[in-house]
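Single chain ahead, written as structure tokens, the form predicted alone.
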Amino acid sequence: MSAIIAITRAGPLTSVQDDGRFGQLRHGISASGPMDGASYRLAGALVGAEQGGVEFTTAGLALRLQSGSCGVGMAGGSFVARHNGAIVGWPGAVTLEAGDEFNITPGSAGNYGYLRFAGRLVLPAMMGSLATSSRARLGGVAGRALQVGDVLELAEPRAAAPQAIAAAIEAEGPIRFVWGLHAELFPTQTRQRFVETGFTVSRQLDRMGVRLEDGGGVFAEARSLSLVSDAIVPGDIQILGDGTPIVLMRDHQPTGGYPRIATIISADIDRFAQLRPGSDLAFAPVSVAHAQQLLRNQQS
């Protein structure tokens, strides 16, 4: 038994993702995976999903269940979901029957949403993962973003079987970070202003990175430094040669040659990913030990 899902509307960054493709950075391949991992996991828990799901952006998503029947869980950001034209709860879960239409449009907040399915996505795992890496042309559907006309097959589909989940702790306030590998290359005054001055999320963002607007001129005097390229991780805040801060995200390049003043902690990277262009933010430093404790609290 299977179910066939046809994509009838998709934005340019709609893609199949799973937990990610780890251990391949030495081969130049980043982990990829969901931009907001907590929302991805919540969507899965709401329906009892197996591996993989669809990540979409504020461009929204629409699909039609061509055959079969399956449960769908949804979460992430603030979106409006319609099942055959009727608004359903977000986050939440529904069961689709053959011929049903499911339409998602953007709401008031957030950049990324997730659909997870009660069934197994019939896609080949590449290096142990279904995650789409458009840069490496790996995973998902032909290593690319989903587009109108694509179909997804679910093996052994079933109705939604929600799992017990703990209520998420909504963090607020500044985005927390640990000082980066090259923090000492920046003058003390610059580091101090980094934590005292606000920034704004620019419109230049994607799965690789998010550029910030430095309205306070924190890095106006930054000079391009000659560094040996080395490995980078999601959340690294890299200062380009012209002084533009850019936060590296899930599809980041494997190495970087610009100085990294800080790294957003894992407990806050999902929250940062959901900040829309124009959002103001501030940064606050924490110790590595505190960052690890915050992540443990989030996962417990």
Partner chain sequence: MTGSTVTDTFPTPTLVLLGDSAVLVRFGTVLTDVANQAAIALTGMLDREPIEGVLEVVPNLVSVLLRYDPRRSAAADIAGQLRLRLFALADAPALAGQAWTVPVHFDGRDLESVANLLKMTIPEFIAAHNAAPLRVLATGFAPGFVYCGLHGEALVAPRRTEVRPMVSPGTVLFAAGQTAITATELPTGWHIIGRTDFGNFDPTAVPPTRLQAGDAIQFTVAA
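Positions refer to the first chain, counted from 1. Fair warning: this is a prediction, and the values are worked out from it, not measured in the lab.
Here the subject shifts to the form predicted in complex with the partner chain, a form of this protein not shown in this document.
In the predicted bound form, T263 approaches the partner chain with a heavy atom inside 4.5 Å. Put simply, T255 is close to the partner chain in the predicted bound form: some heavy atom of it is within 4.5 Å.
L281 falls outside the set of residues with a heavy atom inside 4.5 Å of the partner chain in the predicted bound form. A residue is said to contact a partner when one of its heavy atoms sits within 4.5 Å of a partner heavy atom; A136 meets this definition for the partner chain in the predicted bound form.
Annotation: in the predicted bound form, residues H83, A159 and D206 none come within 4.5 Å of the partner chain through any heavy atom. Among A59, V233, L240, A62, the residue placing a heavy atom within 4.5 Å of the partner chain in the predicted bound form is V233. Taking V178, V94, A222, V201 one by one, only a single residue has any non-hydrogen atom within 4.5 Å of the partner chain in the predicted bound form, and it is V178. Segments offered: 270-278, 247-255, 51-59, 65-73. Contacting the partner chain in the predicted bound form at heavy atom distances within 4.5 Å is 247-255.
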